[in-house]
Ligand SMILES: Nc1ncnc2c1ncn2[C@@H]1O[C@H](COP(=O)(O)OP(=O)(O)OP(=O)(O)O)[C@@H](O)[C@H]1O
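Form predicted on its own, single chain, as structure tokens, below.
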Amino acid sequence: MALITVKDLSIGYESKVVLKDISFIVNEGDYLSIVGENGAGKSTLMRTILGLQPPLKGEIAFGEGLRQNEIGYLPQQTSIQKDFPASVWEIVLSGCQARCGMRPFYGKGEKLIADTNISRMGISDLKTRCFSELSGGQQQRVLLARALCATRKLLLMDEPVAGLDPDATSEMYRIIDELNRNGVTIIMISHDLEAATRYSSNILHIGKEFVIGGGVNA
């Protein structure tokens, strides 16, 4: 069943078109890797799917009862984010904000979801630690736990292994693959074509030509 249907989509900023006439479908359970050169429009496409910027033309439709604010999102980290002076618990819990509606506080339900995802990522021992004190791999697991607090169905990630050492990169790919096998649909921007081919059910290549094809595990 289709979670996202993109039809005749053109994206960009103001009058500048970055990509045009894009059409593809992401089905429930897919693991879609988006690959292409820097500046090709990968992050712009992801931000448009998330509703962080409007499309220039075309449409994005959500299925299976999915709402745009129920998508988990792991953006690229900035140096400011890496030095963020908050605890692991505070950062992960903030991923439940959309679940609170008009309530100005987190309830037992949100706290349980945060605890569950902290345990799921294997970072329970880091719960009271300051985020800025953690290694790059630990920080990514914290941010992934935060993203999972927003969703049960769909996770979007922009270069989740950027800047990680080989061991942390391998562990992050293992975690993402396990999430997918447990029912979370994945859309991931990647420069790692080898890993994309290994793990993905589909690969979307953005460049001079727009191509979507099957991966090894299709």
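Sequential numbering from 1, following the sequence displayed. Nothing here was measured: the structure is a model prediction, and the numbers come from that model.
What comes next is about the form predicted together with the ligand, which does not appear here.
**Message:** Just to be sure I understand the contacts: of Ala162, Ile60, Ala40, Ala168, which is the one whose heavy atoms reach within 4.5 angstroms of the ligand in the predicted complex?
**Reply:** None of the other options qualify; the answer is Ala40.
**Message:** Is the ligand in the predicted complex close enough to Lys16, Thr44 and Gln76 that every residue in that trio has a heavy atom within 4.5 angstroms of it?
**Reply:** Judged in the predicted complex, Lys16, Thr44 and Gln76 all sit within 4.5 Å of the ligand.
**Request:** Find out whether any non-hydrogen atom of His191 is located within 4.5 angstroms of the ligand in the predicted complex, and reply yes or no.
**Result:** Yes - in the predicted complex, heavy atoms of His191 and the ligand come within 4.5 Å of each other.
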